[in-house]
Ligand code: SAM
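Here you get one chain, nothing else, as structure tokens; it is the form predicted alone.
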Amino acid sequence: MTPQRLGQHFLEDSSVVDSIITAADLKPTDTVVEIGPGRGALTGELVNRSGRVLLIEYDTDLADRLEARYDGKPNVRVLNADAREFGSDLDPWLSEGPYKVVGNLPYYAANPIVRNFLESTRKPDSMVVMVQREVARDMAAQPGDMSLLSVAVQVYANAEHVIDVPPECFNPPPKVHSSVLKLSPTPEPTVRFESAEDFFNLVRKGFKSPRKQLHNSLSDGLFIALQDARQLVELTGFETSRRPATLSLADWQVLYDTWVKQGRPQQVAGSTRRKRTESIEGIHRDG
């Protein structure tokens, strides 16, 4: 694939490289995973400052060039792989001890790459990653501006803004600004749940209509009666006028616990409210 088809924008600004390296806080004994090394703007510094470097590059041509450049260096490995599907728990280097992640993430794949590492059984000690500026703001948002992505990241890690990066720092320049974030995974998720799928099911439903008040959004997302959604919110002690973006992780914990205690009320989605109603009535008739 060509760089354009992969959405590649190669970092060329040395001051941005320095900021990323400083934020990564590398030591000679560190094992580092670099995602999307591309033409190697960060790679040389990573190799010089750490013990072992695993390079995950999706572009086959670039992976071959990196393989040739670091041929004969036992502390550098190159994987021509998709970081969205990479299993850190299966890699021999990463299963031996702690590791760090550094990378200029492709915009189209940033969210699933971050979640893949944060939700792994072999989480990194830290992730210093460059993503689209709006995505970075979403990941690090505070209550009042939270989104599904904010919750998905912050359940597993603390997010810290490092620097903003303008388009002219890349070749070719992207049409958007970028930001560097440092994500520090927590030992355990900051919300207690029976399963991640169970918890995020509720969060997705809660953000179904994010501009609406919380009970309206839950009614839309869970396909339950508005009065039932209002009662669910009232049982948490929250004001029903609140909107999903105002909930903190602690608030989501309260809402999740309340939802579980109430038997996880929700209906299977149909294509229209009328069809959902007919389906439910049919179940009652057949039962």
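From 1 onward, residues are counted along the sequence shown. None of these values were measured; they are calculated from a predicted model.
We do not show the form predicted in complex with S-adenosylmethionine (SAM), though everything after this point is about it.
> Quick check on Ala41: any heavy atom within 4.5 Å of S-adenosylmethionine (SAM) in the model of the complex?
Ala41 belongs to the contact set for S-adenosylmethionine (SAM).
> Is Leu11 close enough to S-adenosylmethionine (SAM) in the model of the complex to count, meaning some heavy atom within 4.5 Å?
Leu11: contacts S-adenosylmethionine (SAM) in the model of the complex.
> Can Met146 be called a contact residue for S-adenosylmethionine (SAM) in the model of the complex at 4.5 Å between heavy atoms?
So Met146 does not count as contacting S-adenosylmethionine (SAM).
> Just to confirm, Leu105 within 4.5 Å of S-adenosylmethionine (SAM) in the model of the complex by heavy atoms?
Looking in the model of the complex, residue contacts with S-adenosylmethionine (SAM) include Leu105, since a heavy atom lies within 4.5 Å.
> Between Tyr70, Tyr58, Trp259, Trp252, only one gets a heavy atom within 4.5 angstroms of S-adenosylmethionine (SAM) in the model of the complex; which residue is that?
Flagged contact: Tyr58.
> Check each of Arg77, Arg84, His177, Lys208 and return the one that places a heavy atom within 4.5 angstroms of S-adenosylmethionine (SAM) in the model of the complex.
Flagged contact: Arg84.
> Please pick out the stretch from 58-66, 237-245, 22-30, 224-232 that is in contact with S-adenosylmethionine (SAM) in the model of the complex, where contact means heavy atoms within 4.5 Å.
Answer to the contact question: 58-66.
> Mind listing which residues of 14-30 have a heavy atom within 4.5 Å of S-adenosylmethionine (SAM) in the model of the complex?
Sequence-ordered list is empty.
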